[in-house]
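A single chain comes next, written as structure tokens; it is the form predicted on its own.
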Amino acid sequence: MLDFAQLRCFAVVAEELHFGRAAARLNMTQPPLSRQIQVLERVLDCQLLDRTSRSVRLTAAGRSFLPEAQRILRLAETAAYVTRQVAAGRAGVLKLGFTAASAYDFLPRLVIACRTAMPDVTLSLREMVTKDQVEGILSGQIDAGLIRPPVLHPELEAERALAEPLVAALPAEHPLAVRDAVALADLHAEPFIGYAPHEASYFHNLLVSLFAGAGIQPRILQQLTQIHSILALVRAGLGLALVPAAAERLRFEGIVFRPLHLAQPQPAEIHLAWRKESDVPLLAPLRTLLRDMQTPPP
């Protein structure tokens, strides 16, 4: 069987065509170097080198074998390097789930940051609702997910990756559209496009809490799951909506977005979730990167 040490000895001798210089490069003496070559020749059942007291030259078999030996050595070195990089969390493939809303602004910024900070890491991205991401993490389908809180499963851990303000989405012709900002009280009795209580429970519960705290009750005409669908109804003039600020990136014509004035900020959050017992090395640098993205520049 071929041995990497034998291949390395042969390659160096073939490059130097001198046993003394080759032995010096390999930090060994000539006798064991000669034995390694002899063993390799016995394994291959052919002569690789013609040796005399004055010269060393490759045989035809040696000339044919040299590029193959060098290729094998390069592959072994590359495999060792990649393995060390993966183990250290500097390379590899990270399977990451994300919700549709995170793709409006946050996900593109994360991808750009990953390419800069972790150029040897490949992101394998999967668009999934929060429930499916939780199941995907538990089954190993994905390594981590960008999901809406809370993360309650006992086998998962999570930390906040993003907090963004809510904004009011208004038909361009609505009287509130001329204001610089909108208060919750302005939404009382207004026709409103809300979120489905089960399929979009995070936003549904967030708005229910906001409205109850402010003592107001909009006239909820529709309850939908996806933000872009809600904005389509706002554009049609059916009502107002509260959406995360990143939704402005969708650039719907006929809609204006206004800051929402709140006595106490209630941002929409995205959390990074992963399995507690995960052994994926790339999770640590990803978490560090997400924390850095939340830290304002000095």
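Here the structure is a predicted model, which means the values were calculated and not measured. Residues carry their position along the shown sequence, with the first being 1.
Quick note: we don't show the form predicted together with another copy of the chain, though the next part is all about it.
Q: Report the stretch among 243-251, 39-47, 225-233, 256-264 that approaches another copy of the chain in the model of the complex to within 4.5 Å, counting heavy atoms only.
A: Single hit among the candidates: 39-47.
Q: My question is simply whether residue 84 lines the interface with another copy of the chain in the model of the complex - judged by any non-hydrogen atom within 4.5 Å.
A: Residue 84 belongs to the contact set for another copy of the chain.
Q: In the model of the complex, does residue 293 come within 4.5 Å of another copy of the chain, counting heavy atoms only?
A: Residue-level check for residue 293: no, no contact with another copy of the chain.
Q: Is residue 64 part of the interface with another copy of the chain in the model of the complex - any heavy atom within 4.5 Å?
A: Contact with another copy of the chain, yes.
Q: Within a 4.5 Å heavy atom cut-off, is residue 138 in contact with another copy of the chain in the model of the complex?
A: Residue 138: no, not in contact with another copy of the chain in the model of the complex.
Q: Which one of 123, 103, 72, 183 is close to another copy of the chain in the model of the complex, taking close to mean a heavy atom within 4.5 Å?
A: Partner contact (heavy atom, 4.5 Å) among the options: 72.
Q: With another copy of the chain left out of view, which of 76, 189, 212, 196 would have a heavy atom within 4.5 Å of it in the model of the complex?
A: Only one listed residue qualifies here, and that residue is 76.
Q: Quick one: which residues from 1-27 get a non-hydrogen atom within 4.5 Å of another copy of the chain in the model of the complex?
A: Result: 1, 2, 3, 4, 5, 7, 8.
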